[in-house]
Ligand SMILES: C[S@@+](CC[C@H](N)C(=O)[O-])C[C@H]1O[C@@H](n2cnc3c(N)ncnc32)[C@H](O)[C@@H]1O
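Just the one chain here, laid out as structure tokens, in the form predicted alone.
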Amino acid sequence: MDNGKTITTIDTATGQAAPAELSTARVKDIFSQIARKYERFNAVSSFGAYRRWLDGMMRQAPIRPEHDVLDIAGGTGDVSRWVARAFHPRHIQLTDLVPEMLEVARIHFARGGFDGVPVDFDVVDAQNIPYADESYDVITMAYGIRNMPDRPRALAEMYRVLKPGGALVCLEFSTPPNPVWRTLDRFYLRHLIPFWGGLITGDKSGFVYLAKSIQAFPDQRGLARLMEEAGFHDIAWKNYTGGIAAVHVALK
């Protein structure tokens, strides 16, 4: 309880009930500090696997050239750049909670990294999306929903702004179904993620949070249930690297 009101949001590091401000402030602080080194961390800490995950995300994404795409928690623009090169959609709205992450994405755009696709940038909290109902054909999101303290509200907002027949394509860390893979993943999260994070960015504590948030996040079926509760249907997912990561596709 909080001042007599029931808390429905969570601490994304533990999955336990907590005021939303706790996780939101933490995420802003961590990612504002590491924005310019975030891409290097992804490349090194995943041993390059993140590129295979993004390639898989593109293979599953039902994006066409005439589509308007909303990239939620788009950060430094990795997903949007992959989308631009793979599909050349009509327009990409690239959003993130952290302005410093978007500044890196703008640098990529200025250097031609989006293959000529029109892109707009906007600081957006996905739990309160400032766009009209049924505005977008496809929503992409990578490593975003895990950092949101009110996941049902965020997914409901994504459902709202999607056009009928539209799709949410979500890449997120998940739970390997094989016990050997799970053991390796837990070791990696506990020891290597903080090590690489501290070495590359100088902020080991931020990556301790990252590891904890992954461990506290629902598995593949749990995320699919959250999507279904938000109204999505025909939800399917594909595992990558033994289920360390998974791409969910959900339709409106």
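Residue numbers here begin at 1 and follow the sequence given. Values in this document were obtained by computation on a predicted structure and should not be read as measured data.
Quick note: we don't show the form predicted in complex with the named molecule, though the next part is all about it.
Only one of 109 to 117, 176 to 184, 162 to 170, 141 to 149 lies within 4.5 Å of the named molecule in the model of the complex by heavy atoms, and it is 141 to 149. Proximity of I214 to the named molecule in the model of the complex: non-hydrogen atoms within 4.5 Å are absent; the residue sits far from the partner. Looking at L155, you'd find every heavy atom of it more than 4.5 angstroms from the named molecule in the model of the complex. Put simply, L97 is close to the named molecule in the model of the complex: some heavy atom of it is within 4.5 Å.
Proximity of A105 to the named molecule in the model of the complex: non-hydrogen atoms within 4.5 Å are absent; the residue sits far from the partner. In the model of the complex, no residue of 156 to 191 lies within 4.5 Å of the named molecule by any heavy atom.
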